[in-house]
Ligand SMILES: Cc1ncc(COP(=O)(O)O)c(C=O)c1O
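So this first bit is one chain, no partners, the form predicted alone, shown in structure tokens.
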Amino acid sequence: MSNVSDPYREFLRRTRRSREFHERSRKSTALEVVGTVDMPHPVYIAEGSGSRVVDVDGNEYIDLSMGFGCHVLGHAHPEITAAVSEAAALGVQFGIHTPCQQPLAELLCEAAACADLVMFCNTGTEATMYGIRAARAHTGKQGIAVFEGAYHGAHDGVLVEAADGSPRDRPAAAAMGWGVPEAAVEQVLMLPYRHEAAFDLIRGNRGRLAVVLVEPVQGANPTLDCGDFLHRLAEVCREAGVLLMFDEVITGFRLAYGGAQEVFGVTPDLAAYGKALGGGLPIGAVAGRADIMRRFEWQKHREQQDKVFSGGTFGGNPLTMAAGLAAVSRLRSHPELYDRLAGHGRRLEEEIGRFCRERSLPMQVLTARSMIHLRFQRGRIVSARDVDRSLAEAEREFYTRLMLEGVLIPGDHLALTSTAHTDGDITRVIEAVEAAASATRGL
């Protein structure tokens, strides 16, 4: 169906109930989901199972969003849903201590090389926020460094991007949207991704930097050829007396059971987690060295400067802990599942990549095992900052046509597979990509 002359009109025809939901929702809701979800109008999902979701109009899609990375085992995995049901029957939330956190914390400490201790919160955004706060308390310094093209959550401290027109080797930090205080931006040193100049900038700012925060695999630029860069980054941070924090919100329990730390053999001082760790329910976690993490035990510290405050009614709640324990336990006991996930990325990269090269299409397939990104780009890609805006309309049409083919990749177009995706699903995705690309104007 990708060969229809007007894909947007056909999309509207198929999703009339979703359009009606959207029109009603706009009367009371300022924002329903994250603002990066880009469609002609929102599609409302009614149910999901395994690798598939069904919208309110009855259209079925092979889902490659997977809750933006939460569902490594697929939608509605029976072990996870059973665990949540059992936990809910005992009470959904207490606020005070329960025995629910310790089993999942032990698994995370076992899996993550950096993790002596763990603190649970509610989102990946909270995890990076708390990690930065602990790093500042531990070092006595205020500055943080992030890399161009990265995303570390929605709190003021990291809502920055490389300013347009700033030099590649010394990118300037700019607020990512209105409402971010200038004082927050001033605390951020923007670093060029996979560039030698990044190391010089860290050394030159060692006196003010508490922590360097990095996605070991960038969500917008997934690749596995960044291992040498991460090793050097860890060395430079250690020499400069600056803490290193991995943002493993996407990579944790997705690239491997031990996340990017296992894949690349690099151990940071701190790591932030979310998504897959919670088995599909809201979760965040900070893990790291004991001397840093014990600062969260603020009630035990006599001196004010040693305390790091954290709070949240739902952190470590029983339902999330049950879902996370079920998901992580399944991944731990079935390491072969990671071979399946890696196979998805290999096939998509090889077969779609070959199709694009044979037809000289300005599309490239970047993969890091089950993280897949179709980049509409000519020339070499180094970071997520490399964007060819001249292809924006063609890209939008392509993804609309892909939905008409029954494949869903919304948002910032990072595709994520699950262990529920079959070989047949991957074949169908390849066929859909080829059909959509062939029909898209401007490619």
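So that there is no doubt, residue numbering starts at 1 and follows the sequence shown. Predicted, not measured: the structure shown is a model, and the values here were computed from it.
Another form exists, predicted together with the named molecule; not displayed. Remarks below refer to it.
In the model of the complex, the named molecule lies within 4.5 Å of some heavy atom of E215. Under a 4.5 angstroms non-hydrogen atom cutoff, the named molecule in the model of the complex lacks A135 among its neighbouring residues. Residue contact with the named molecule in the model of the complex: H152 places a heavy atom within 4.5 Å of it. In the model of the complex, the named molecule stays beyond 4.5 Å of every heavy atom belonging to Q187. Between 222-230, 118-126, 324-332, 175-183, the stretch whose residues reach within 4.5 angstroms of the named molecule in the model of the complex through a non-hydrogen atom is 118-126. Checking A198, V249, A112, V146 against the named molecule in the model of the complex, a heavy atom within 4.5 Å turns up for just one residue: V249.
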